[in-house]
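First, one chain by itself in structure tokens, the form predicted alone.
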Amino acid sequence: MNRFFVDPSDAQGDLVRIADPGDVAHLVRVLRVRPGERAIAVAAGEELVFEVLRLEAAEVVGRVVSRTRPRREPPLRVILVQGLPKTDKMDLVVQKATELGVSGIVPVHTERSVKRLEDGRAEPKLRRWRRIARESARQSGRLAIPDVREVTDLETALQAAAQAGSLLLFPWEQEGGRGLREILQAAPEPRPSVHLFIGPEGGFSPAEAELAQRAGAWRVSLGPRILRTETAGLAALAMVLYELGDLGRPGEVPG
């Protein structure tokens, strides 16, 4: 069945309301659903199977048939702090990180970022990334949409992660002594979340690596080969969720 994210306020009681214009158009014009057909609404970690009652220009209303709360989200919050890459590589990073189970994505300007988004250009990009995250979450059976945050600078992102008590992981190609798996297995006490810091094309500068270390980040290696920026974040995310999360374990099949 087709799945749609809805606001919790639109999924109270016996009725569910699909109000997102894109979702309404998809239901009405693309899927051409009719009253009596069923779909799934996702709200606040619940999946609600509903039967379509009526279709209007601005909304689709259905009657809730069943409610379940599957355990399909990772038990560990992992936030990907991604140095802004060139062209549209960020689209791919957002899409695939969402499929893997990322909880949040923070785009950051760094010393070697080729692309810098000023105020006028950042907002359309942010809307696009959030739309990609929403669609990818829907297609992959997620119960939550990753929080794609506004573009910021590296120092601000480091400070915010440290203040949250998160485990800060800083893959750096010049770090040859400690591998990511070693750090994960020896990580101190459980942390509320993990922040993964990934550099853009060209990687992080030595000054940025020093800044990260002062903020309490673990500088780690991802292995003997140099990975592209759009590969490094996804590989590191998969490693973290395999070691500390739910990748590699049996899961539930989305309804």
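Treat the numbers as computed from the prediction; the structure is a model and nothing was measured. Start at 1 and count along the sequence shown; that's the residue number.
Missing here is the form predicted together with a small molecule; even so, the following discussion is about that form.
**Q** Using a 4.5 Å heavy atom cut-off, which of 171-179, 101-109, 153-161, 128-136 contacts the small molecule in the model of the complex?
**A** The contacting stretch here is 171-179.
**Q** Can you check whether Ser221 is within 4.5 Å of the small molecule in the model of the complex, heavy atom basis?
**A** Ser221: yes, in contact with the small molecule in the model of the complex.
**Q** Although the partner isn't part of this model, could you tell me whether Ile198 comes within 4.5 Å of the small molecule in the model of the complex, counting any heavy atom of the residue?
**A** Heavy-atom contact with the small molecule at 4.5 Å: present for Ile198.
**Q** Leu227 versus the small molecule, in the model of the complex: is there a non-hydrogen atom within 4.5 Å?
**A** Because a heavy atom of Leu227 falls inside 4.5 Å of the small molecule in the model of the complex, the answer is yes.
**Q** Heavy atoms within 4.5 Å of the small molecule in the model of the complex: does Leu234 have any?
**A** No.
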